[in-house]
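A single chain comes next, written as structure tokens; it is the form predicted on its own.
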């Protein structure tokens, strides 16, 4: 989508009324009146407390909300010294809200924020999700200080999580991204992150980025672009990650579309994945993330049953996606009793790499490939839950690390598939 169709005249007018800034915090929204007030107030408090002298703006890129989202954002402006909660605070903290063109989409919202950062010549920027109802003012400092103080170009978050949160992230998105692009970024598809003005300008001017903004994986592409372009990366501990009190989501296909489809597609856009360099750690500011172990009820049997029925029902489809030997192993696995079931690391990695290669070749409709992955992911999630049922945090981390190393070990297998040697 061309820049001018995302940055509407009203959006440009709002930006021009602000002028150049030092810091920009972007919040993409769509009908988020229930949460946006507390989020913007936390952002405002963080800017005033930790960056009192910098010129700052909160930019709400709205996808066309029909509630009071935009009004609540605008109400957060500080227009004079008397309003500021600190005598050392900046005189003006702009808080603007404007609709971008093209309708609600996370990629368009991010593109609008990148464009705003570029136009306002912001030296450091952060993006906060409208879903982050547990945000604290300290998040703003944790995200922006590594950019402002230490010269990092992209700061992604890490969180304290429950050991069974983020199953898709830990079993696929993180280890595969790490293996492909050789950086140990724990949240490559971040909800909250910060970036330098240098990176904003680079990404905003990158050929094809406007088209990528139309995809669900724009935040993942931002991370991969920063890695492959040699920008300086860091991670920041933001504290607890709010989790839904529920089983793994019923809409697992949507989660795969948003996180895994773009990751598969990235292999076509970023040839740097062909490098055989080992993965490198990325520094973490603010401490190490920890796993919480409080009891959590999850219906493991349902995952097991959906795996078995999915392998049986989708066998003709899977036959066009994975190798004969992999399909045979999956069918053997589906025949096992629950107590003997184990979707091991090696089989899982070979499965994912075969799916990625078939996605590249578009052997069938690509969305059908993603849908066919859903029951297999459920089987892998079942194994992860079972293996770590009684594990402490350190053991869970060791198991995730072992999976990451397996993804790295079998990367040549993906290259062989890609080049038609298998």
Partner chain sequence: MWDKFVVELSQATQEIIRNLAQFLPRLLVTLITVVIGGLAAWVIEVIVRSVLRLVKFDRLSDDAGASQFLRRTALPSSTELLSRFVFWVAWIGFILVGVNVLGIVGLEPHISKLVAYLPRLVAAVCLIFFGLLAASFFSRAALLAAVNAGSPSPKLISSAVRTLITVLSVSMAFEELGLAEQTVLIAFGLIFGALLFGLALAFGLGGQELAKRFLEARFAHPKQREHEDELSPL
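Positions refer to the first chain, counted from 1. Quick caveat, the model's predicted, so the values are computed rather than measured.
If you look for the form predicted in complex with the partner chain, you will not find it shown, but the lines that follow are about it.
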* Run the contact test on 168, 298 and 377 with a 4.5 Å heavy atom cut-off to the partner chain in the predicted bound form and return yes or no. => yes
* Asked: So which of 293, 75, 317, 284 reaches within 4.5 angstroms of the partner chain in the predicted bound form, heavy atom to heavy atom?
  -> 317
* Contact assignment for the partner chain in the predicted bound form, among 280, 346, 150, 312, heavy atom within 4.5 Å -> 312
* Based on heavy atom distances of at most 4.5 Å to the partner chain in the predicted bound form, which listed stretch, 126-134, 194-202, 251-259, 67-75, is the contact stretch? -> 251-259
* Asked: Quick one: is residue 396 in contact with the partner chain in the predicted bound form, heavy atoms, 4.5 Å cut-off?
  -> no
* To do: Report yes if any heavy atom of residue 371 sits within 4.5 Å of a heavy atom of the partner chain in the predicted bound form; otherwise report no.
  => yes
* in the predicted bound form, residue 306 touching the partner chain (heavy atom, 4.5 Å) -> yes
* To do: Using the partner position in the predicted bound form, report whether residue 302 sits within 4.5 Å of the partner chain, counting heavy atoms only.
  => yes
* To do: Give, in sequence order, every residue of 343-370 that has a heavy atom within 4.5 Å of the partner chain in the predicted bound form, or say none if there are no such residues.
  => 362, 363, 364, 365, 366, 368
